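Heads up, the chain below is alone and in the form predicted alone; it's given as structure tokens.
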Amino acid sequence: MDESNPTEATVPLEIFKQVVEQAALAISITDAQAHILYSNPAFQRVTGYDVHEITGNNESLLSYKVTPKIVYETMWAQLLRQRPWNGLLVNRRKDGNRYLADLTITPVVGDEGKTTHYLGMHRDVTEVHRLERQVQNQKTLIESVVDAAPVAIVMLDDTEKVILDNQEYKKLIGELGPEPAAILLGALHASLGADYDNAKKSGRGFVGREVRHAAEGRKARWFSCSGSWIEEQDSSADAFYEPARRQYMLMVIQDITALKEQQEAIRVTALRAMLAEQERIQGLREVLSGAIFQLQGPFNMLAAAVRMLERQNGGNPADSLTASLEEALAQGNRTLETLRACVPSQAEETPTLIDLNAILKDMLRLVTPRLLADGITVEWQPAGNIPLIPGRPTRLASLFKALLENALDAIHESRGERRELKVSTTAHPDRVEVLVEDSGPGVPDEWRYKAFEPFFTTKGAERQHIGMGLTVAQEVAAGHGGLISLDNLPGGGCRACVQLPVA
């Protein structure tokens, strides 16, 4: 006891010995040449050597050849400077099995300043190392699989900040900008609304939600997004007794632009085929109706002549000329009835609510090859969020296809420098208005209403037009409670205006 400090207690040497003997940590004491002078029971349990087997042997007895020579050289360089050393060594037990030792060696310096002994403390960390390597291997394997995946995968923290991604996601960064996940999540928030928050709270996630992204000056892209939320236990010391959780979101993003384009091409092809079939039937109807219309005139004149002859004969039909004419008239009427029976009926189509912008976009896509061939510039100005109208989609598609083709014919015939087509929609409280404007020669005032009459055409028989296009368009508009009008534009050209009532 220090007499100057009467409160300082001295721990008996026996207590020190008991502490070392009962310590769970393997402890050994060597001389300056690393010969073992003492080892505690924990040391004997780790190494497998009894006290009489290990005492007097050099500590190098435990060394194993796989430990690099540089490790021992570094250790002795540190110890010779009388500094403690800590590191990992691969040691060998008495039975030959190897283990990984986390070793700390401290030089014991005597009164003369020389190292007299070394205090060694080590523990077997083989299992800890195995678990660490297993976790690292699994992490590497998962990262390799994720990187090799043909879809973009990204992990987001609870603030929606990216903390892990793969190579496909990095490609999206180069294509969409620095934060593709933020862009797509914004679109998902908008499309899912409250369902997004509900999915996050319940942890059920969402699967295969399609998102469209159209950057300025670039082609629109489509992505299929799936998301799931994952909870992780907080590994900090603060959360040891009071577990806390953090929520992460795993998001899988698949570029389906090519698939959507293929589906769109198939849909447009089917629409083209359906309209072509409808036009074929309509053409047959026009031909037969035209024939009936043309034949009906002479038969009407023949009927009038028969009635005049009957009046001249005092109502006596026995006259041979009158009888012959009546027979010819009857035969002609039977022929007309046969022709009328041959006129194909229009297929019934179930009415539904229709987005006119979508129909007009499809029709513009259908005439795109002709637009490109004629060098026509298109200005497409759809109104946002126009109301839906009740109607038959195919019939309305044929209406706008007829108007577009008339406009393209007018532009082609004009052969002017201005080759422009403008299509726009406008929403009104009670109706949706569609304008189709062309830079053609315009329509003479006397034709503004005559153009809707059956069989009126300015294109001639050699163009295979019999003048029923606008007539049918007017019928379709009227069948939907709307109307069509034609006007000349101030700067030249024609404007077709279609007005259809909303639901």
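Note that the rigid core is defined as the largest set of C-alphas that superpose within 1.5 Å between two forms. Numbering starts at 1 and follows the sequence shown. All values derive from a computational prediction rather than experimental measurement.
Omitted from view is the form predicted in complex with a small molecule, to which the following refers.
Using a 4.5 angstroms threshold between heavy atoms, residue 120 counts as touching the small molecule in the predicted bound form. Among residues of the shown chain, residue 253 is not one whose heavy atoms approach the small molecule to within 4.5 Å in the predicted bound form. Taking the partner from elsewhere, residue 63 is found to have a heavy atom lying within 4.5 Å of the small molecule in the predicted bound form. Taking the partner from elsewhere, residue 394 is found to have every heavy atom lying beyond 4.5 Å of the small molecule in the predicted bound form. The partner is absent here; in the predicted bound form, the one residue of 76, 206, 299, 229 having a heavy atom within 4.5 Å of the small molecule is 76. Think of it this way: in the predicted bound form, the small molecule has a heavy atom of just one of 359, 89, 389, 176 within 4.5 Å, and the residue is 89. Note on the interface: of 103 to 111, 147 to 155, 257 to 265, 331 to 339, the segment with non-hydrogen atoms within 4.5 angstroms of the small molecule in the predicted bound form is 103 to 111.
Once both forms are fitted on their rigid core, the CA atom of residue 108 lies 2 Å or more apart between the shown form and the other one. Core-superposed comparison between the shown form and the other one: CA of residue 428 displaced by less than 2 Å. Residue 31 shows a C-alpha shift of 2 Å or greater between the shown form and the other one [criterion: core-superposed Cα displacement of 2 Å].
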